[in-house]
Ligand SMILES: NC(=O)c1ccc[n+]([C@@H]2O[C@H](COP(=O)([O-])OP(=O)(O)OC[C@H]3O[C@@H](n4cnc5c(N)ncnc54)[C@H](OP(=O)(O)O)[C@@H]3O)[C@@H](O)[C@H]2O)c1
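Consider the single chain below, provided in structure tokens and representing the form predicted on its own.
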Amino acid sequence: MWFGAWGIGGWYWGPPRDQESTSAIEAALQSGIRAFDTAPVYGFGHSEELIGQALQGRRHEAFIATKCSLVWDRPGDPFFTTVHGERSVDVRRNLSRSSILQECEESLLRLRTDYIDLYQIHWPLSPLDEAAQALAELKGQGKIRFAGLCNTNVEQIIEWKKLTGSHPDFVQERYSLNQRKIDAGLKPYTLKHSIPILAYSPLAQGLLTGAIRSDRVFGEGDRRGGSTIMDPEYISRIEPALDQARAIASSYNVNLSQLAIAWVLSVPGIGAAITGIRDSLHAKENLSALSIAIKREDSIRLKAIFDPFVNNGK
């Protein structure tokens, strides 16, 4: 179980709640969660800063994963435009060697550490030669321990292997009961080559908690409403499936969230689930999913329940 730190950055998920976020990190450590996944673009530095502050003096207790290649303060290939606070921000992709080396230094400062356990290309673009060179340099300097690719494909993984002589140490991809795009190609490849998948959004941005209904009005700064899985019509259609899954969860004496996370962890090839945690209750509740041993017949049944509602869009 990994601590997903996107939500604490104060972008996309609503305004920052720093005191709650710091308490959540502390609760995660006390509960046994040791791995923290963040990125510079999560709050444009704020998520990394909170992680660094909370882990000061406890760095040895944590495995820190962050990312590079999405920039907003330098040139790059246009990726998306968003709003942060009251300002418009143009996010770009830059996989040049110089940009990645600079990004790493900036992340090290925000995280208050002299090394990053896992450094990941957030959204790869081919060619990957300069990115591979940069991460190799950073490994050689002891500034990163492992290298990974997020939101990638088989072709890019093969390209990475040709450039570096080995596969990425980890691959991070979206995966949940209703979002399973990687089943078709990427997951069979990573299974064959023993590359662990870090599954992010195992609760489909909160939809699989069962708490989001079709009439949900998202608050100020909460941009999930623009996601295809948060479309009111889609939510209405998937609600019966959520009710069926809730009944299965009851048979295990757990809630729907815990069952959804446990299902992801039961899938062959999934090395860890990255769950978004914004308060101490989330930390303790999500961790309990590790103790759920889903029966094979229930795992198959859950997959079948959500098969008609698989949505691999945003």
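Keep in mind that this is a model prediction, so the values were computed, not measured. Note that residue numbering follows the sequence shown and begins at 1.
Although not depicted, the form predicted in complex with this ligand is the subject of the following passage.
Contact with this ligand in the predicted complex holds for none of Arg92, Gly225 and Tyr234, as no heavy atom of theirs lies within 4.5 Å. Glu48 falls outside the set of residues with a heavy atom inside 4.5 Å of this ligand in the predicted complex. Contact check for Tyr42: a heavy atom falls within 4.5 Å of this ligand in the predicted complex. Although the partner is absent from this view, Arg216 contacts this ligand in the predicted complex, with a non-hydrogen atom inside 4.5 angstroms. Cys150 belongs to the set of residues with a heavy atom inside 4.5 Å of this ligand in the predicted complex. Screening Ile274, Ala245, Ala289, Ala28 for any heavy atom within 4.5 Å of this ligand in the predicted complex leaves a single hit, Ile274. Distance criterion of 4.5 Å from any heavy atom to this ligand in the predicted complex singles out Thr209 from the list Ser98, Gln133, Thr82, Thr209. Considering this ligand in the predicted complex, the lone stretch of 34 to 42, 264 to 272, 56 to 64, 246 to 254 in range is 34 to 42 [heavy atom distance within 4.5 Å]. The partner is not shown here, but in the predicted complex the stretch 185 to 211 reaches within 4.5 angstroms of this ligand through a heavy atom at Tyr200, Ser201, Pro202, Leu203, Ala204, Gln205, Gly206, Thr209.
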